[in-house]
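As structure tokens, one chain now follows by itself in the form predicted on its own.
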């Protein structure tokens, strides 16, 4: 695993660096494997990144878009990660509709939705049940509490190892989320983190010893490249164990 922490002076510089990294990795994946599979995050931090990507000159017909987690709301709901990405990015670029794979939120039981997305991912990658595909790029954020995707502190989703997708939970509300094993198989994983409110969690995540049940982002240990992109507010006084 290649592990790097990169700190930028402000959010604009953070977004610019993330844009350059994502474009480079998309082009590399298409050159090497004829396609690029990406799983996206929600929240406010990546929104300017998505707006910039909408204007990029990319081989859109070779790019497959997925989501690492989703609130269990309809796509038209203002809290929908897919809905946000669609408005800011996907509606403004020539990506084929067949290349966009939102998490389903229309089942009465969220467990059924998680199972369906699990099945869809395996089918898209041409893999049998029990296999774990390697996304070319997974973009992650992190909450003030140290959660990432919808892997929240001290929740059952943290212990799921036999599925690609499961049901997460926050404040009693279900969410659909990638599991640790699926995230960890990625060729490149990029955290995009902004703001002083993230300092405490980052300090715990990069401490020599710590608890991933309390700070779930600490549990992300991919086999490929791992990049932590922080702005100066988030990375201030951060001590990183060697």
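A quick note: this is a predicted structure, and the numbers were derived from the prediction, not measured. Positions refer to the first chain, counted from 1.
The same protein also has a form predicted in complex with a small molecule, omitted here; what follows describes it.
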Worksheet item: Though the small molecule is not shown, can you say which of 44, 214, 55, 173 has a heavy atom within 4.5 Å of it in the predicted complex?
Response: 44
Worksheet item: Counting only heavy atoms and a 4.5 Å cutoff, which of 206 to 214, 44 to 52, 179 to 187, 26 to 34 contacts the small molecule in the predicted complex?
Response: 44 to 52
Worksheet item: Looking in the predicted complex, any heavy atom of residue 85 within 4.5 Å of the small molecule?
Response: no
Worksheet item: Is there a heavy atom of residue 153 no more than 4.5 Å from a heavy atom of the small molecule in the predicted complex?
Response: no
Practice prompt. Please run the contact check for residue 103 against the small molecule in the predicted complex: heavy atoms, 4.5 angstroms, yes or no?
Written response: no
Practice prompt. Look up in the predicted complex whether residue 149 has a non-hydrogen atom within 4.5 angstroms of the small molecule, and give yes or no.
Written response: yes
